[in-house]
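The data below hold one chain only, encoded as structure tokens and taken in the form predicted alone.
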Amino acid sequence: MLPILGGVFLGWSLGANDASNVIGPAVSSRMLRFTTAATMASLFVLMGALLQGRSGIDTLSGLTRMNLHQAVLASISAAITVTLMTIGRLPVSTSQAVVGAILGIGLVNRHIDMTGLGKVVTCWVGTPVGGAIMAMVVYRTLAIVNNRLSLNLLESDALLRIGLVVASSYGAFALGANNAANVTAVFVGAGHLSVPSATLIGGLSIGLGILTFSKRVMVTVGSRLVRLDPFSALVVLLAEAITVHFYTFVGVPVSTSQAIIGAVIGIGLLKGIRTVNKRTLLSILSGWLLTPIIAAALVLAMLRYN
């Protein structure tokens, strides 16, 4: 059980960082309380991990061969990287941290599945672009529906609250389904966990991170990059959830951070590029670039001194 604590640490850091992506807009727009949203998200993350978490595990566990000791170091390296970024209030990609650490192991073992790696990297590029495009499509579609309903202020507010609860729940489900692999795939690859055990541990540890340490990054996503009104928050959540869930069926764990930042930028582009805080955007992009590099460097350093 002790080696799995590295995976639990990684799941906790993933939940702390990525919860902002599924409930941040709803909380920041003051349509849901943090405690309510975090509890609900934790439950749906666990459901997603248990029901659809297998395909991503199959992909990541095949990127390179590793033993249990290397799997533990890969998890710890990725977890430290994501935690540092969370302290820095940057929404980063846990997938990139995990893959960066796996590649560090792969360099030492001189074995990397280049076909699988190419598939993963392609999906990394497609995630923020897909999030932006999906946000623009959802925004236009919901705007048309909203205009035709002709609701008064109270009716519109109630409908938005229901929509945010549904979208946040769907986003949490997609997070668990897609990202459980990031937490425990290396232990499946090392032959230390079965897939059902891996999805259970992944879902529980991500939920723990959401409940205990997710507020900091939420502020960055929900209010510092682009100011979101409740309607835009609903659009962003739906776009992120659809994008991430799509990649679950492709079998590649992707970043909810990149999906939702892409969606937020898509909203910003619709409202005018001046609404996008470019300094915050550059900080986030720098975090994305550095994440796999830091994770790979950390695991190589650990291997050297262990």
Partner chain sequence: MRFLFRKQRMVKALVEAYLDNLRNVQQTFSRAIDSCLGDDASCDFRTLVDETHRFESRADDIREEIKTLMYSKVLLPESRGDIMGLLESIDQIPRFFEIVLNIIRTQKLAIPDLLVSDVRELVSVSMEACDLVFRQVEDLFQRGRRIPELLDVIDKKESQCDIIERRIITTLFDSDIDPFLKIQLKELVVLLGDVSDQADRVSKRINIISLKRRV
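Everything numeric here is computed off the predicted structure, so don't read it as measured data. Positions refer to the first chain, counted from 1.
Beyond what is shown, the protein has a form predicted in complex with its partner chain; the following relates to that form.
In the predicted bound form, its partner chain sits beyond 4.5 Å of every heavy atom of residue 279. Taking the partner from the other structure, its partner chain in the predicted bound form has no heavy atom within 4.5 Å of any heavy atom of residue 123.
A residue is said to contact a partner when one of its heavy atoms sits within 4.5 Å of a partner heavy atom; residue 87 fails this definition for its partner chain in the predicted bound form, lying far away. Not displayed here, its partner chain is kept clear of residue 38 by more than 4.5 Å at the level of heavy atoms in the predicted bound form.
Although its partner chain is omitted here, in the predicted bound form none of 59, 192 and 246 has a heavy atom within 4.5 Å of it. Only one of 156 to 164, 96 to 104, 111 to 119, 171 to 179 places residue heavy atoms within 4.5 angstroms of its partner chain in the predicted bound form, namely 156 to 164. This chain is drawn without its partner chain; in the predicted bound form, the residue among 31, 252, 63, 265 with a heavy atom within 4.5 Å of it is 31. Scanning 122 to 136 for heavy atoms within 4.5 Å of its partner chain in the predicted bound form gives no residues at all.
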